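In what follows, one protein chain appears twice in different forms, each by itself as structure tokens: structure 1 and structure 2.
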Structure 1
């Protein structure tokens, strides 16, 4: 790697650790590094790249945070190129979306608008491209959901994930998974109003439209379902508030 800053007069010079990140990612993209490959030790990387060892360590930490690399300890340990899959990318996106929600740089309404922009078309695509296997999985999910309690049922994303997979669009499915994983994490912080039966009925309607390969109807029922879910989360109460209220009642009765 050449030393020095890269600048075209308009961009800010890149820091050295950023150049190392680019170098490693380009090696993966070009096929010089493959999933599962072990990177050379930090001291060897630093020597070959002409940088300090702390700079290499900083770049590797960033790449681990981005789910590009993973580290392990022990005799067979080291830093490895992480296997590339949608779940890892979705987790990274979920972390970023959750952070934006936590610092109030993203609203629930914006999150649901994005969800609708992705999931409504996915339902239509699933209606056109679903297979008998997709239908069997959806039927199984609907049947098993009858026996699940509300708190286990509502944050579940299996039904929506299956529809996304049936659409045969991996990129949209990836975005959908990151949003749903974020919503599932949100659900763990709140007490949600009961809506299991309504949600189940809407799942059946979506399934039937996909079964009949009715693209327009699948899109319409998914839109209605997402609107219902939005109202549920809008009316949710933070668990800490309900816990404090319970403590106050217990104190009054003591």
Structure 2
């Protein structure tokens, strides 16, 4: 029958498009599909799986949203397996965290506490594992004059990201990045506080601790840096009332 290659095995996902999703995921996990590989055109895929194109598309769109696939039009286009580098995961996490904040399933305090729990050890690990190249990058950031020009967030986020990379822990880096990006989005939504110079000084302290491979000192300075930053942000971001959802938003819902 050649078709119906999806319907073998697992019975858990009853719906066709879910079967296709797991089919493709397994193909990637098991190495049958590698990052960068191009999938057959939707029409061919549908035919070879014995299903219709809309059904295939539902599966593809889901995997696209999950940052597993990527598609574009044209002869050179098609659907490709995305390199799985965790950046997509961080994006998703960032979206989710923002949403949780919006819906009050998360408080600013929890967010900042989590940031501290992750970034303080990260700084310590970076102090132990940093390479000469990491140091060079950090030095470049600290000595950059962008601290004044821009939102004061470009150097900050790259500084912290570089430390995360220097720690050589990609999972904590991912967590850190998603939290940091969320905070950055918040900072942009409300006014961004002027803490540039202070931030720059503190960055220098952290850098020097990492330079000296002084784990404890790196942790302490990072901790102080974050506490200071939290103070600033807590005042800038307005407290959400328990229900301010009653604001007019040109509602058409009926």
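Numbering follows the first chain given and starts at 1. We call the rigid core whatever largest set of C-alpha positions still superposes within 1.5 Å between the two forms. Values in this document were obtained by computation on a predicted structure and should not be read as measured data.
**Q** Pick one: which is the form predicted on its own?
**A** Looking at both copies of the chain, structure 1 is the one that matches the description.
**Q** Return yes or no for residue 206: a CA shift of at least 2 Å between the two structures, with the rigid core superposed?
**A** After core superposition, the C-alpha of residue 206 moves less than 2 Å between the two structures.
**Q** Using the rigid core as the reference frame, would you say residue 227 shifts its C-alpha by 2 Å or more between the two structures?
**A** For residue 227, whose C-alpha is compared between the two structures after core superposition, the shift is less than 2 Å.
**Q** After superposition on the rigid core, does the Cα atom of residue 113 shift by at least 2 Å between the two structures?
**A** Moves: no, less than 2 Å.
**Q** Can you give the CA shift of residue 46 between the two structures, in Å, with the two forms fit on their core?
**A** Taking the core as reference, the C-alpha of residue 46 is shifted 6.6 Å.
**Q** To one decimal place, what C-alpha displacement in Å is found for residue 26 between the two structures with the rigid core superposed?
**A** Its C-alpha shift, to one decimal, is 2.6 Å.
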